[in-house]
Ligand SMILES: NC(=O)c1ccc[n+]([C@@H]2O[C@H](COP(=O)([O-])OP(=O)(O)OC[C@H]3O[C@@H](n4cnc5c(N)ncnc54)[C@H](O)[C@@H]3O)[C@@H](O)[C@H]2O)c1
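Take a look at this single chain in structure tokens; it is the form predicted on its own.
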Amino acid sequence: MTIRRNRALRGAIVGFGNVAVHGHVPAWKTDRHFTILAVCDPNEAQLAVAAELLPNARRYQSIDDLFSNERLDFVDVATPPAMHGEIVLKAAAQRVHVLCEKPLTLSVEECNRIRSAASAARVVVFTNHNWKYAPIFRTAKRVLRRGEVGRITHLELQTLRVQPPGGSGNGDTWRLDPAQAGGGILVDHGWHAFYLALYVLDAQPVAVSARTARRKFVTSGVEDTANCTIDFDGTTAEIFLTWAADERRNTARLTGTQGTIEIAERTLVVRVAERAPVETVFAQPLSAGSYHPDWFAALLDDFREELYEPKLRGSNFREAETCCRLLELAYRSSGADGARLPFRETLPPVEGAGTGD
């Protein structure tokens, strides 16, 4: 099917949990370039929620029924991570484009299969890297591009939470179930930290080391705390993540050869030696909620451009591939007592520049 700009793109949401309800649906309902024709979820209760929010959307309990009955341009995959790979591969087999929640997949091997399938079908596979679209990080990127703080030599990213997203306070969430989540905080918040590091540093990793722990949810099958160090050429990123904190907070600090950028929730401060600090305060703190529909709405422009313009395709998928490798290496490093593992960047260029037909 050829993507044309003179009509709304036909889509379906696969997985209708909290992320879809609170993070995606508000954006889909207000974007004139897209229309959601259907929702797929095996849970009847979630389909009942879909009926209320999207009354004109048809509802299915299996992905096979969805593809058998709908003619789609794209699917929005919002299931738990362990299901992503299978659904993305099925969509590619149907020559349907994909917008997928992070993480795209949980292993480099499956990521390679997705690459091959997407290239063969000439479809877009685009991962929801929504934190890049937060106004505070967009502003930080502009400061970096202007060269105000010089070359970045050190990056710190910290995410503090008292529990996983969607939890009740007692750890009642699928994110603590390895069969659904595929991992713990490294899969969830770690993936965000990985692509943010790539975004602000605009560099490729050289090596990775990590340690994980269970500090609070000790009976779960996944880690709730992680320290990860990523070495770049001349720059180091240090990442700390926990679901075992006493507060909910996000911070970042970028140290450059001429100054620093400090991010704390809703405040960004640029410090350069020869001038007074410049502070910018944003409307919403970074840790306000878990779903950020405004950030998702902002990334839809880039997703749409990849659908329309084959020459623009590839950067998002490349970023997701790098995150996938960082995730796999971080777990390997943790299993090897924090060993520093080389990244060995050998990812090929994205092929299949062209629209489906």
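Residue numbers here begin at 1 and follow the sequence given. Computed from a predicted structure; not experimentally measured.
In what follows, reference is made to the form predicted in complex with the named molecule, a form of this protein that is not presented.
Proximity to the named molecule in the predicted bound form holds for none of G147, Q204 and F232, with the criterion being a heavy atom within 4.5 Å. This chain is displayed alone, yet in the predicted bound form one of Y199, W174, F282, F240 has a heavy atom within 4.5 Å of the named molecule; that residue is W174.
Although the partner is absent here, G314 lies well away from the named molecule in the predicted bound form, with no heavy atom inside 4.5 Å. Although the partner is absent here, P310 is not a contact residue: none of its heavy atoms lies within 4.5 angstroms of the named molecule in the predicted bound form.
The named molecule is not drawn, but in the predicted bound form it has no heavy atom within 4.5 Å of T35.
In the predicted bound form, the named molecule sits within 4.5 Å of a heavy atom belonging to A78. Residues within 4.5 angstroms of the named molecule in the predicted bound form, judged by any non-hydrogen atom, belong to 35 to 43 and to none of the other stretches in 302 to 310, 50 to 58, 35 to 43, 320 to 328. Contacts to the named molecule in the predicted bound form (heavy atom within 4.5 Å) from stretch 98 to 137: E101, K102, P103, N128, N130, W131.
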